[in-house]
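Take a look at this one chain, the form predicted alone, written out in structure tokens.
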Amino acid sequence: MNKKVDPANGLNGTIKLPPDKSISHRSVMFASLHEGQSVIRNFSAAADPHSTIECMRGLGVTIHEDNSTVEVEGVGREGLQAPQGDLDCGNSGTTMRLLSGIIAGAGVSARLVGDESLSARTMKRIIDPLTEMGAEINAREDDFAPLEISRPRPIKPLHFPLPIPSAQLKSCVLLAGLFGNEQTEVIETLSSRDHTERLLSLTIEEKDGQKHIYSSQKDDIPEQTYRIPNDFSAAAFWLVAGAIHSNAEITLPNVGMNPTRFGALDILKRMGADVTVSNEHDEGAEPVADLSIVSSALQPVNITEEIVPNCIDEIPILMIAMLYADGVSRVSGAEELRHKETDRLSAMAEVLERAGADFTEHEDGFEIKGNHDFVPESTSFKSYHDHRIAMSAAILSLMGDQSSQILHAECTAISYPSFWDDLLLLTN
């Protein structure tokens, strides 16, 4: 499906954002490991978390769905069963990487598969530590899905300094460690998303500027009954749209405000975005607030390596903001973006080139020369079947003087099924 995006005369309204996808994944996995029922409200309708639901069902967990409410009959750590067939992770790297840790720890044998995009993403980063913990993993070309996982011996504890700031890698090792007699320790120098630590109430120590996170079978798996906050990563698209458009006022209620997730909000504020944060409160283990954005005069910004982990998913849309900041903005230390659903640095380079932007692509980032009067050329933007590329190109297209096309626009459903409806709501 291709989507035509017309120039917007204004962007005004209130958007109910989709539920947080990262928390939705974890809520079902962790509820399955809890002994007893959990009721999860405001569960994501996106495709990826529903891949997680189907995989957990394949492991013998009973899960009931009623619109956005999910009830999980948790079987505990000892109750997972070997699946009758493949566990299909779809397009979801979170499903495959976190589930690999659970399966390796639980000692069940399973084969994890994914779609073409997921099967092209390396799994070496999780294969190596899980193998060291005692799992046996057969992978295509040693690195890629399908993954055949078994664990003939008890799980071994691991002392694991994270080689990169990755919440998926961290979570994978910690989840495997939940099945061990002795503590597994993950050491984090640059912080990454901490939903796993929060939702599992894991022990954390701060030592010499590093975070030491521990897991073992002695840890209780808490009941996962709560309302999932709305997704900050989805909010970022409208925060940028509101900031760069000359006639905008957008309100975004109940947005997740986890400190390890809203790096993009801090960056936009540094750029001069006129954002208001109100109604701050907690939803379970996660902080939540209402956000509003109005038209803003933006200044250039540098995004450096230590900031990247807290805004990794938002960098494509932040690059659109940089086009409207008077001066040169830079992104560095973001080479990890080349290993997402697509090579997002390369994909965004093509978006910027087709729009007529003044930029330079580097191996680990970009230099972008911005201008608040920039008008993108009317064109067709390739999404590369990547939801964040498609949505970033759509926000840019709102700023043109003629319509543009987003190719394979249906990919937005991976994280934001109502994106095109919400865009229409704001522009009418």
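So that there is no doubt, residue numbering starts at 1 and follows the sequence shown. These numbers were taken from a predicted model, which means no experiment stands behind them.
Beyond what is shown, the protein has a form predicted in complex with a small molecule; the following relates to that form.
Site annotation in the predicted complex: the residue of I320, A234, A264, A167 reaching within 4.5 Å of the small molecule with a heavy atom is A167. Only one of the listed residues (K211, R193, R77, R151) places a non-hydrogen atom within 4.5 angstroms of the small molecule in the predicted complex, and that residue is R193.
Just one listed stretch, out of 151-159, 198-206, 311-319, 242-250, contacts the small molecule in the predicted complex at the 4.5 Å heavy atom level, and that stretch is 311-319.
For the three marked residues, S22, R97 and R125, a heavy atom of each sits within 4.5 Å of the small molecule in the predicted complex.
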